[in-house]
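In the block that follows, a single chain appears as structure tokens, in the form predicted on its own.
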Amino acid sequence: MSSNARAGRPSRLTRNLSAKIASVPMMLTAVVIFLGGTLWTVIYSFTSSKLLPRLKFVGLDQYERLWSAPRWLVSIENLAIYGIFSLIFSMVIGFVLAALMDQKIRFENTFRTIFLYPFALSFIVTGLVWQWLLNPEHGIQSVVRAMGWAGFEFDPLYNSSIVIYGILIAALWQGTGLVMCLMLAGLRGIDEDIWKASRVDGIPMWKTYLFVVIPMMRPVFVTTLVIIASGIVRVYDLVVAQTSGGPGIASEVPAKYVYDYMFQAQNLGQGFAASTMMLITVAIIIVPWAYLEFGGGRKRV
């Protein structure tokens, strides 16, 4: 290639210059507000801030109080239970529904709308609906008993040992439709020749899904996993709408702990410490995903 042709090409810095200039306000917003707010939260988590923030450093005292608080330990346990089961059931149910929808069934658009509709509702609405459904006097238990099963019991929201599973039911009802749509989009991206080749070779469908389709859908699974996991860490609305953290503190979660300490207990330092722990959890989820998608997970040419 001649030097004149090289000189005529725009440099990497000036390429798509108008688009780069247009993105400057958003970049400044991200840096100043998001990054600045994050640093501000982390710094003040090492202070004794109460009603108002103040720069009186106390070292790791807030974190020591945090990890010695029974309420925080209960919220972490609940988040772990809720997170593990939510990830497993959301991915499995979403993929199974997507596989069924991918069979070119009749009224596919209708079923897809029905499954996705709960995701259009706010978490508060979902929580209130399932609070009523799981109410032993008016909900599912009452209906089943009225049908003749007098000994039937189904009141998870009023049982401290299983209350987190009642919240999980509502979360799965709302979020599984989105997972189904993401998985269905991935399945529709699979080349039709692969399905034809597997049928010609006599490979059972379940083996085709397990050893061919699912590995090809790795980016879809990773993205879906990140979306679900980020929602798990910040779960708040469902808990407030269904139980408000009860019975007692049995259904406490980290996001509610942060809100209560920052805006009700007027203990900003403790709230900032809990927020920082949540930030670390999100970073543990996001960083590996970003590395797989944009870093070493891809072959360099």
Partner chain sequence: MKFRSVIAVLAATVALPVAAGHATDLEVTHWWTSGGEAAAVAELAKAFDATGNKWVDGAIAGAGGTARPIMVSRITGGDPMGATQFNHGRQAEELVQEGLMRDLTDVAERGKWKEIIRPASLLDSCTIDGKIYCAPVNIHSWQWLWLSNAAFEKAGVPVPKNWDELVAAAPALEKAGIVPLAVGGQPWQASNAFDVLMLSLAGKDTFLKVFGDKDTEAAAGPDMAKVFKAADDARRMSKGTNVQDWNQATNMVITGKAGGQIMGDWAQGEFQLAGLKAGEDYSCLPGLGVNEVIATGGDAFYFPLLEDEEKSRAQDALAETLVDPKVQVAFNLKKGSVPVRGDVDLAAANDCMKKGLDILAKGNVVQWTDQLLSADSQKQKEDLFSEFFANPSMTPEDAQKRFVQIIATAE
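Numbering follows the first chain given and starts at 1. Just so it is clear, the model here is predicted, and its values are computed rather than measured.
Keep in mind that the form predicted in complex with the partner chain is missing from the display, and what follows is about it.
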(request) Using heavy atoms only and a 4.5 Å cut-off, determine which of 231, 136, 219, 83 is in contact with the partner chain in the model of the complex. (result) 136
(request) Would you mind picking the one in 173, 154, 158, 195 that has a heavy atom within 4.5 Å of the partner chain in the model of the complex? (result) 158
(request) May I ask you to check whether residue 259 falls inside a 4.5 Å heavy atom distance of the partner chain in the model of the complex? (result) yes
(request) Decide whether residue 52 counts as a contact residue for the partner chain in the model of the complex under a heavy atom distance cut-off of 4.5 Å. (result) yes
(request) Answer with yes or no whether residue 264 is in contact with the partner chain in the model of the complex, where contact means some heavy atom within 4.5 Å. (result) yes
(message) Even though the partner isn't displayed, in the model of the complex is residue 248 close enough to the partner chain, meaning a heavy atom within 4.5 Å?
(response) yes
(request) Mind telling me which stretch in 272-280, 62-70, 25-33, 38-46 gets its heavy atoms within 4.5 Å of the partner chain in the model of the complex? (result) 62-70
